[in-house]
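Listed next as structure tokens: two forms of one protein chain, kept apart as structure 1 and structure 2.
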Structure 1
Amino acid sequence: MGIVTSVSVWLIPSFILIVLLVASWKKVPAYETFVEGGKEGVKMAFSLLPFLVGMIVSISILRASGAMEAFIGLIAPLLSLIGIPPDIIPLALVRPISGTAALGMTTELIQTHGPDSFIGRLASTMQGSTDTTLYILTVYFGAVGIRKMRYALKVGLLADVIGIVASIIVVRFVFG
């Protein structure tokens, strides 16, 4: 058995043992503390459920309605003029909403066009250069009870736009 395998097999059990030993040494009721943390985690999960369901329903409606395809068809001539492949636009639009949906789109683009194609490289770069802004705001702000997002939404979406534009520029420059 290799060193990495040995470390990975023993790392978590060793960590748990160390936590239990320190808890015993400091006279902290480890099991009761663990159960209390579990209760808080379940409460948190249930409080996030409405926000997550809302996000999932919104994404499903957007994809099933055909609105995204219609929008892409509308702007495809403009995108072709400036050298942006229209196939990448659904990823750019969905990435701020859902990481899972964006990952599925990235996987589909790579399977269709290949990992070493311009679109495959652009999708991969875009996936790493942007974030799930709306998901983050919905889940994390909702979890702590923040109702007024103020500038967070604007700044987050601006950062996503900058990430998308930077991805296009970098991939065109490096792999162009």
Structure 2
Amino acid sequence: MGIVTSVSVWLIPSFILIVLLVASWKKVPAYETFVEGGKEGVKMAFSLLPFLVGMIVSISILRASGAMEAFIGLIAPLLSLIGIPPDIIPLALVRPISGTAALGMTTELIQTHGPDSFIGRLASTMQGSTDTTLYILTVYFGAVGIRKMRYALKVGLLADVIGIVASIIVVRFVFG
């Protein structure tokens, strides 16, 4: 753990250090260049705003209505037949659409079942091994104005399904 966390903690400051050293060495006007690049960030954040509002509101409507829970309740018995624990199903379904909701669910699962339980380990692995497809799609394509996404969403969602199934199999195999 010690090495792992210190690599993560040291990485960003070290990267900044190298960038600034090389820039100064090559006589790049570091501060002015930084400000020029930073200006883009402001514009970008504002152009992202409508994309995020649209997507997040739609997801919230679905969750607040209770439709999602009802759907989970409907398919839970079916999925537990093939060895998927019912407690993990909400997380598996939410992971691709909402990052904050998934993180909340992971925390709750770890809290209720304990971090070293089967469910706790599975939730941890699932949270780490896939990412929020819908958010990434919204942000990356939204920021640069891509309208026709072609097969991008299909690829992202299929990879999520495989990631979730893989988590279940791997955790079951490793921790029993």
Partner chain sequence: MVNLIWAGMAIIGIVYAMLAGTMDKVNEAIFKSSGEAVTLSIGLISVLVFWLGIMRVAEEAGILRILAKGFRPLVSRLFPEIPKDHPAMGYILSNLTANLFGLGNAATPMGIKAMEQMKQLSGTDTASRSMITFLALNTSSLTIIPTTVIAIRMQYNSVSPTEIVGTTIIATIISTTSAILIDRFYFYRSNRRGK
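What you see is a predicted model, and the numbers here were worked out from it, not measured in a lab. Numbers follow structure 1, counted from its first residue as 1. Throughout, rigid core stands for the largest set of C-alpha atoms superposing within 1.5 Å between the two forms.
- As summarised for this chain, the second structure is the form predicted in complex with the partner chain, and the first is not.
- Put the two forms on the same core and the Cα of residue 45 is off by less than 2 Å between structures 1 and 2.
- In the core-superposed comparison between structures 1 and 2, the C-alpha atom of residue 17 has shifted by at least 2 angstroms.
- Treated as two rigid bodies, the chain between structures 1 and 2 differs by a rotation of the smaller body against the larger of 24 degrees.
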